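The chain below stands alone, shown as structure tokens; this is the form predicted on its own.
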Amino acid sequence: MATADTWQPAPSMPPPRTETGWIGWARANLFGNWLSGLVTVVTVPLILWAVWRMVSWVIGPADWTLIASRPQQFLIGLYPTEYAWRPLTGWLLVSILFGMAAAMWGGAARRIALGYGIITVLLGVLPYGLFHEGVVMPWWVRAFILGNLLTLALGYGLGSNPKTAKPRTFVLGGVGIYVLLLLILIGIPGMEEVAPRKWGGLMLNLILAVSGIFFAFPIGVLLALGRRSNLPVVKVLCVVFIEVFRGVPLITLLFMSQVLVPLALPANFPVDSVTRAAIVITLFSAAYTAENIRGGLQGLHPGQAEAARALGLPGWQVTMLIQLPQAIRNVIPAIVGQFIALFKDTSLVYIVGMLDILEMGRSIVQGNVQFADNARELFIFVAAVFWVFTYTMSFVSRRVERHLGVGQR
């Protein structure tokens, strides 16, 4: 009796070499069809030529003396040199947050903290001074800078401890550090006061951006909820506020805060120009944030709220526990985009006489004949600084979106 041969599957073959590796990537992305291939052949040489010219200029004829000789002014503006330990102390406190984030969330946060530590080490061994022009960096400045490694490790330890590794602890710690930093910069009782008008450089940009982001988000949430309210007075007030601040340019609002607002206040009212600018930037960003969140709320299916009410949940629980978390999750890209725009808009304060990092560099170029030809180097440096911060925000945003599954079912 004949027996049938046992069937065996054919051995799996590896994919073609033209479908894998860099060859497969190039075929799929650069030469997918004749039009894509034509565009690639035309544009890639032009891009490579432009990059080569830029790199050749940066490492060749470019003169970076302006950047290397004025690090203090680019960092803290006209802040007195004898009190430079104050912003350096704030830097130490911020390192604690980086360490906590690295331990609590790992992944991208850990890589960012690692890069932060590497940059700190490089700054700590620079041959020139951060707070003295053209001389060797003082030992106490190096100690402060390299001390960030210790506070970074301290933060990592706090983030690894189950008792302190909580988002609430991180947020409250960030708020406390921010308030303490402002008190140190201005001068707590017993210390000589430094007027905010002397603040400048990158420090001013960061303070305005952090203030705006921290306060604009909750105000924007309240405005978005108020615009959807059933109370006519609340709805009208929120609509008027949002439309006014979205309809007026930020430059105009900054001028109004510095010129018109003081006319309505007493002569000795203790509100400095930095505080007024921070308030205006916060309210301006809050109006746009409110519209982003309102769009996320409108994108939710009304059946969810109806089902929650059918289960007996009160209105505030439906909003806070069901609708608002989903709405914020869905508009994370728009919200982060608004915060990135807010950080870049802080450079507009130069119009009202504040010396942020851009205006500080421009004033140095205009006030020193030897730097008259260094405008290109200045603007490339400022652009690189802004790009580092905005790309970091965008990178973290993408990681959060991937973790929360934004855009996925």
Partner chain sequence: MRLSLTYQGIPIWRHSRVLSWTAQIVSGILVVAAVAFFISNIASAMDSRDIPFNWTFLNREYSTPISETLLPYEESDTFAYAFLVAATNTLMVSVVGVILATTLGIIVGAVQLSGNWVISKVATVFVEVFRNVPLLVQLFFWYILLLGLPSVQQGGIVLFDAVYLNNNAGLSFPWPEGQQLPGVWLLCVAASIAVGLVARVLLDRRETRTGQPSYPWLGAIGVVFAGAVVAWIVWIVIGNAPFVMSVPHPEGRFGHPEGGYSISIELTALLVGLIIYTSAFIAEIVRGGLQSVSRGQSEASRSLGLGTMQTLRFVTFPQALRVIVPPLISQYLNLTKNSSLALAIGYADLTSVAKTMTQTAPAVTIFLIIMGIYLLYSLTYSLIGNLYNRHIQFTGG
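Just so it is clear, the structure is predicted and the values come from calculations on it, not from any experiment. Only the largest set of C-alpha atoms that superpose within 1.5 Å between the two forms is called the rigid core. Positions refer to the first chain, counted from 1.
One more form of this protein exists, namely the form predicted in complex with its partner chain; it is left out here, but the text below deals with it.
In the model of the complex, its partner chain sits within 4.5 Å of a heavy atom belonging to Thr252. Residue contact with its partner chain in the model of the complex: Pro167 places no heavy atom within 4.5 Å of it.
By the criterion of a heavy atom within 4.5 Å, Ile380 is counted among the residues contacting its partner chain in the model of the complex. A residue is said to contact a partner when one of its heavy atoms sits within 4.5 Å of a partner heavy atom; Arg399 fails this definition for its partner chain in the model of the complex, lying far away.
With the partner omitted from this view, the residue of Gly247, Gly106, Gly299, Gly115 that lies near its partner chain in the model of the complex is Gly247 [heavy atom within 4.5 Å].
Of the candidates Ala62, Val44, Ala68, Ala50, Val44 is the one whose heavy atoms come within 4.5 Å of its partner chain in the model of the complex; the others do not. Contacts between 374 to 390 and its partner chain, taken as any heavy atom within 4.5 Å in the model of the complex, involve Ala375, Arg376, Phe379, Ile380, Val382, Ala383, Phe386, Trp387, Thr390. Core-superposed comparison between this form and the one not shown: the Cα of Ala26 travels 2 Å or more. Val39 shows a C-alpha shift of 2 Å or greater between this form and the one not shown [criterion: core-superposed Cα displacement of 2 Å].
A displacement of less than 2 angstroms separates the C-alpha positions of Trp85 between this form and the one not shown, with the rigid core held in common.
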